[in-house]
Each structure stands twice: as C-alpha cells, then as structure tokens.
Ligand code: H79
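This document starts with one chain, in the form predicted alone, laid out as structure tokens.
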C-alpha cells in the first residue's frame, strides 16, 4: 500500500514538473532589459547563409536566379534537389578562420542558418537523415565546429531556423509545388519535428539567439508563435528570439504590427528604419545582392556604404546584421572579407561611438552627420563622413561650455569656437582613418 502511495505521489510530482512552465510572455520590462543588454551593446553581427543551395550557386539548367530560394524559384522536384546534398563537400571550411574574419571585422555575434526553407539540416540531427552527417559526404558537424570556435573567440553564437520546410511532407504549405502528400499534417510537423529539432539545437549548441524566418505561411499563426517562444525560453531562459517567431512582422520594414506580438526585437530586411526605432531592432542586409552564394553576383556594396549603414543604424538605436554567403567549398568570398576588414579597421578607431551606445530623437544633422551617446549619457559622439575646409559645423548638438572636444584616434583636443548659435570645430590636418570620423564631446 505504501509503495502504491509513493508511486502515485511520484507521478503527481512528475506531472506537476511537466506543466510548471513559466510564462515568459509576461516577462517584466526590467528583466527583458537585463536579458537584452549584451545584444543591445553588441550592435554589429554577421549573418551566414550557407547550405546545399551553395552547390548550384544561383544557376539551374543554365538559368540564373534563386540563391537559397533556388528550389522554389526553379520548381526543382524534391528528389532532384536532394542530389545537391550528395555534392556538398566543403573541404576548405575552417570555423576558426571564419571567426577570425568576424573578429577582424569587429563583429560581436554570428547567426548561421541551421535549416533554411529547403529543409536541409546543417548539423547531425537525430530527427532526420536529411542532414550534413547522413546526406552529404562531408561528415562533419559544421554547427559544433563553429559554435566551439565562437566560444573560443569571444563571439556570441546564434542560429537562424526556418519555420517552413519544403522537404518535410507534413509541413507543406497549401498550394506548394513540393506538396507530394495528400493529407499534410502541420500540427504533427510542428510538434514532432520543428520543436524537437529546435530543442536539439539549444541543447547541443547553446545558441544565444534563435533567428526565425518563413513565418508567413498560412499554417503558422501568432498563437503558435507565442507557444513556440515560451517553449524555447523554458528550455533556455536567457535566449533571445526575433519577431519572426510569430505573425507580428509588418513586411520588409520588419516592425511589430501590434504591441503584444511574439518576439524580442524587430527585423527590417534590406532596409534601415527611416527614423529612430521605438523598440529593439536589427537591420539584416546583404553585402552584394543575394543571401546565399551566387557565383555570378559581383554587385558588392562599397566599404563606404557599409560603414555609413552601420553608423546610421547605430544612431537610430538598432543593430546591423551583415550577411556573407560562403561558397560550396566553404570559403567566405574574397570581396566580403576585404570589406569586412575595412569595417574592422574603421571600428578600431571609432568603436567607442558604436558599441554600448544609444541613439536618440536627435540622431542626425543633415545627410552627413549622425549622433550617438554613451550608455551613461556622459558623452555625445558626432560621426561624419564629409567636411569642408577642414572644419565641421554643428548646429544641433553642442558641447558644454568650456569642455574639451576630441576626435577619436587623435590624442590632442581640437580647437572649437562658438559661431552664433552653432559650434565650429577645427579638424586635424591628418585624419586617423578613412570613410568617416568621430567627434567626442561632453
């Protein structure tokens, strides 16, 4: 009898443990601010779109287009697309080298695709054979190598994961050309594949961020997004999750359509907010035209443009997630590496005005000046990419009377004078870097 009572008590305790889930949707503002602090201070991240779609490299049967969307763009049948997995053998992949490139660029966190819309898993998943270890000749755990390299290099590791899946029969969106099953069961896909894979990723690789995409399919709802958000935060409470976990994203501008939408931050895509953001936000953008590797895409943004983007985003209170698309051999393209290095060289001089700063309502003056502030509000930084006659005229933000003004990268204080209601700053004859410069003032 005592044994039966003990067994019943144990079952009740186990049942209570299962249902004792914390509701992270009711997290306090203070708790969220503390959780988001490292991300908010980091400012600059690297996005990596890499998968078996790098093998066709943006071309199918002699026709261009598609990149990571090539399966859908060219209506490639699932069985035929699977053949790219057998050709994916990136022998030149070096996780330590990738992290070194990121560190040299001044990047603070890396987000890599664990599974894109094509459904191929870039790790050794126990839930499918359609993964890097079982379906490709590479037989190496890319995510493990990169997460270990990030940890050793002091960079936060994060994962992109697609909610939709063109390979899983039960996940087939209504009307999809990949729908080869009569009765797809999306609930089964969600509960028996999507969520278990995400739990697997968290437990195996301990990502700091989960970056969702593909939430626009009709089967996905805001309620499912909130459920998934809470499920994942219960596995790892410190996890940061973007707003594409639910249905609240308002198009490519990426901001929430309603206040209580699931997710921790907004996600503008290939654009920068027109003004200062009202919430946490991150602009994800490509260095050339495409996210995934496309061998014919040589339309590289200039280092000037990339640095200007970083400055503009920072002044408006956001983060910049800049994408690279590695080749099927496992190499980050040379032009990307060159531009990232230029950004890193610039940040070595101007990092104080970028990391751990905040934007504000007064974030710009004209087209060539942007303002940031130190988190403690003590210093204001004026970052400019153009000046005439070796002078800078500031009309909007002015230093305290009698204080010293410095240019980052220059030891001696600068000469400045009041000119009516404006401030005229005499610039050094020799500037400390290229592309843009920073005035520091109290």
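Here the structure is a predicted model, which means the values were calculated and not measured. Residue numbers count along the first chain shown, from 1.
Below: the form predicted in complex with this ligand, not depicted.
Residue-level contacts in the predicted complex: of 218, 77, 251, 366, one residue has a heavy atom within 4.5 Å of this ligand, and it is 251. Checking 69, 406, 416, 379 for any heavy atom within 4.5 Å of this ligand in the predicted complex turns up a single hit: 69.
Proximity to this ligand in the predicted complex, taken as heavy atoms within 4.5 Å, picks out 210 to 218 from the listed stretches 82 to 90, 310 to 318, 140 to 148, 210 to 218.
Contact annotation: residue 124 falls outside 4.5 Å of this ligand in the predicted complex, judged by heavy atom distances. Although the partner is absent here, residue 339 sits far enough away that none of its heavy atoms falls within 4.5 Å of this ligand in the predicted complex. This ligand in the predicted complex comes within 4.5 Å of no heavy atom belonging to residue 200. Taking the partner from the other structure, this ligand in the predicted complex has a heavy atom within 4.5 Å of a heavy atom of residue 291. Highlighted residues 39, 157 and 206: none comes within 4.5 Å of this ligand in the predicted complex, counting any heavy atom.
Interface residues of 49 to 64, taken as those with a heavy atom within 4.5 Å of this ligand in the predicted complex (partner not displayed), are limited to 49.
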